[in-house]
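The data below hold one chain only, encoded as structure tokens and taken in the form predicted alone.
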């Protein structure tokens, strides 16, 4: 049963405070068959590197996904000119931990970028992601919107093509790292919504039938891994935030290969059923990924 926003705030006791394209050849016209069981790892704690190491171990280890010499894109949400504590952008410490772990697995190069909704320089700096990622050894750059590649979506329901940043195609691995937060248009913004950050076209056209279009996009832009930052979540005034009253600290990270499962499980952190989120409901209708909690093998790690 869906709870009201007032009930949710009461229960949480909110207080102030605190992709992937699987390399070249990842473009696919076929809908993914639903997995029999999706493995979802829920991390609890603040030692992000240790937590993620243990989480990856439960799905075969990061080297299973990041081969020696691989080029990796770690794709966070850097959409807004907000400091980390406002939960409008991905936690920079989670990004840094992922960069370090990718190099530890043998990556040749790890890139970090996003296509923000505001000035890149401000959002990269305010979010803390640029400095944290560089300190961890990543190549941090801005998306060059002039360098787009049109990708066909053969089985798209609401959109038949998308213009994406061409550099995405040059990576062997993309790790999708959304923050879990409220969104005025989609209810929540999670893994599939975060993929919009590789688009280099007028995103206004994506706002009509957005849930259908997000599933269309996810069918051809398939993250190797989705790592949901729920270390602190924004439960209202999303996606921009700006009011600490609506930030809840959870100290959780969700790790899975299945972007639909990531979004479905993350919905429960907001007191919602998975199909209360439009994009999850649409994915379930198309049998894209795993939207049912009962079909997930959920395990937890704590450090």
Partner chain sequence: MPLGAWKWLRRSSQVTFLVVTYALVAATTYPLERDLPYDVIPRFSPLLAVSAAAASRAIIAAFWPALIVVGLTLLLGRAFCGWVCPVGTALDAGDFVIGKVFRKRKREGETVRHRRWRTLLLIALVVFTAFGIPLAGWFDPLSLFPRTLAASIIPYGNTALDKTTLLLYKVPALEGAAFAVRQRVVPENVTLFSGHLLITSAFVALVLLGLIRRRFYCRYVCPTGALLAVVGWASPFGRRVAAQECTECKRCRNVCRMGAIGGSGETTAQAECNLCMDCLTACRTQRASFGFGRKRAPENPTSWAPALTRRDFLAAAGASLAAAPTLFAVDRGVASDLFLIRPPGAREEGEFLARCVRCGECIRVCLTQGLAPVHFEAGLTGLWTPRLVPRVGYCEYLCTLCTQVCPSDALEPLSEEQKKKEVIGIALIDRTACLPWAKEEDCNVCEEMCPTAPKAIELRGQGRLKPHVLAELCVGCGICEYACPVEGPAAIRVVGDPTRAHVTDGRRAARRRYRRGRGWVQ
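What you are looking at is a predicted structure, and each value in this text was computed from that prediction instead of being measured. Residue numbers count along the first chain shown, from 1.
The protein also exists as the form predicted in complex with its partner chain; that form is not presented, and the subsequent description refers to it.
Remark: residue 100 does not count among the residues lining its partner chain in the predicted bound form, judged by a heavy atom distance of 4.5 Å or less. Although the partner is absent here, residue 155 is not a contact residue: none of its heavy atoms lies within 4.5 angstroms of its partner chain in the predicted bound form. For the chain shown alone, residue 172 is not a contact residue for its partner chain in the predicted bound form, no non-hydrogen atom being within 4.5 angstroms. The closest non-hydrogen atom of residue 53 lies beyond 4.5 Å of its partner chain in the predicted bound form. Looking at its partner chain in the predicted bound form, residues 83, 147 and 208 each place a heavy atom within 4.5 Å of it. This chain lacks the partner; the member of 122, 212, 163, 108 within 4.5 angstroms of its partner chain in the predicted bound form by a non-hydrogen atom is 122. Among the residues 249, 245, 49, 63, the one placing a heavy atom within 4.5 Å of its partner chain in the predicted bound form is 245. Residue heavy atoms within 4.5 Å of its partner chain in the predicted bound form occur in exactly one stretch of 217-225, 155-163, 134-142, 100-108, and that stretch is 134-142. In the predicted bound form, the residues of 222-260 lying within 4.5 Å of its partner chain by at least one heavy atom are, in order, 237, 238, 239, 240, 241, 242, 243, 245, 246.
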